[in-house]
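Presented as structure tokens, the chain that follows is alone, the form predicted on its own.
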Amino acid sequence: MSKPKVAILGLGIMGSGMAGRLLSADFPLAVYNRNREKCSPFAGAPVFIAASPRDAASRAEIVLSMVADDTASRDVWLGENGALAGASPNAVLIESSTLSGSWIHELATKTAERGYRFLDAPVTGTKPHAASGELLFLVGGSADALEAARPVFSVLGRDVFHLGPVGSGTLMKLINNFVCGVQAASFAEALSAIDAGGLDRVKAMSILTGGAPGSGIVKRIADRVAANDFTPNFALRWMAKDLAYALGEASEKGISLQTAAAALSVFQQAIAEGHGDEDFSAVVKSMGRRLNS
């Protein structure tokens, strides 16, 4: 069977890795990014570098967006020369960014009005998982649309969870990320308590990572602290954004995420102190500065 033509909208840390993965698997590929410099790694490759989302979508059977937030998503889909204006009638449109539930439902309505099949399919994983095809897709939408998209998901991901109707994938992703954010914030506070108490930091971290608290997130942050390397795989400001979206989603459902609210406060302080573009694990640096102030 021939491989479907794919368009990737957004070539940030995740989108560029996904595009590279599809290119290595010989998918016909079009890419678009608002900042044209991020298209330069694909110059000379058998990739169509589009001047607009509309241009990219017009060349694809599957259009996948991976952008920063609601505003960027709205722009690539509905903005001037947006993808909805150029997609072919039988295209499957996929939003894989981590966005608010309210925007996903609005976007789904817009796509349905034009007769497109739509999936919200955010992912778990970071930069290395995108490049190696080890993402986990959390999918909301119809079974028909999912089956049409499986050839792409199978190259980009290690597994796909179909969670229900449109919006289900987004809700699960926000829950996933708020739990990660809470763990990161709590580890940052734990590290400040370790330092304030004069404990051996290396020994204390080994106890935490080797015992019951030692989740994947805790271990990842401990590794970053030990290496003093906060090069972003997932920027701190995006974790703050996801916590805010999770709180908004919970509020709409009449529930209170008190730990998420506390974690968001910790991350917002880290952004105010200049760590927003570092890896989210740099939240520990903010706590350390408060300890020493």
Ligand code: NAP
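For clarity, every value in this text was computed on a predicted model and none was experimentally measured. A residue's number is simply how far along the shown sequence it sits, counting from 1.
Quick note: we don't show the form predicted together with the ligand, though the next part is all about it.
Trainee: Would you mind picking out the stretch of 221-229, 262-270, 235-243, 41-49 that comes within 4.5 angstroms of the ligand in the model of the complex, counting non-hydrogen atoms?
Mentor: That would be 235-243.
Trainee: Counting any non-hydrogen atom inside 4.5 Å, which residue from 86, 167, 125, 79 sits next to the ligand in the model of the complex?
Mentor: Contact residue from the list: 125.
Trainee: Between the options 190, 172, 179, 72, which residue brings a heavy atom to within 4.5 Å of the ligand in the model of the complex?
Mentor: If I apply the 4.5 Å criterion carefully, the residue I get is 72.
Trainee: Looking at the partner-bound form in the model of the complex, is residue 276 within 4.5 Å of the ligand by any heavy atom?
Mentor: Contact check for residue 276: no, nothing within 4.5 Å of the ligand in the model of the complex.
Trainee: So, in the model of the complex, is residue 35 in contact with the ligand at a 4.5 angstroms heavy atom limit?
Mentor: Yes.
Trainee: Do residue 284 and the ligand share at least one heavy atom pair within 4.5 Å in the model of the complex?
Mentor: No.
Trainee: Using 4.5 Å between non-hydrogen atoms, is residue 12 touching the ligand in the model of the complex?
Mentor: Residue 12: yes, in contact with the ligand in the model of the complex.
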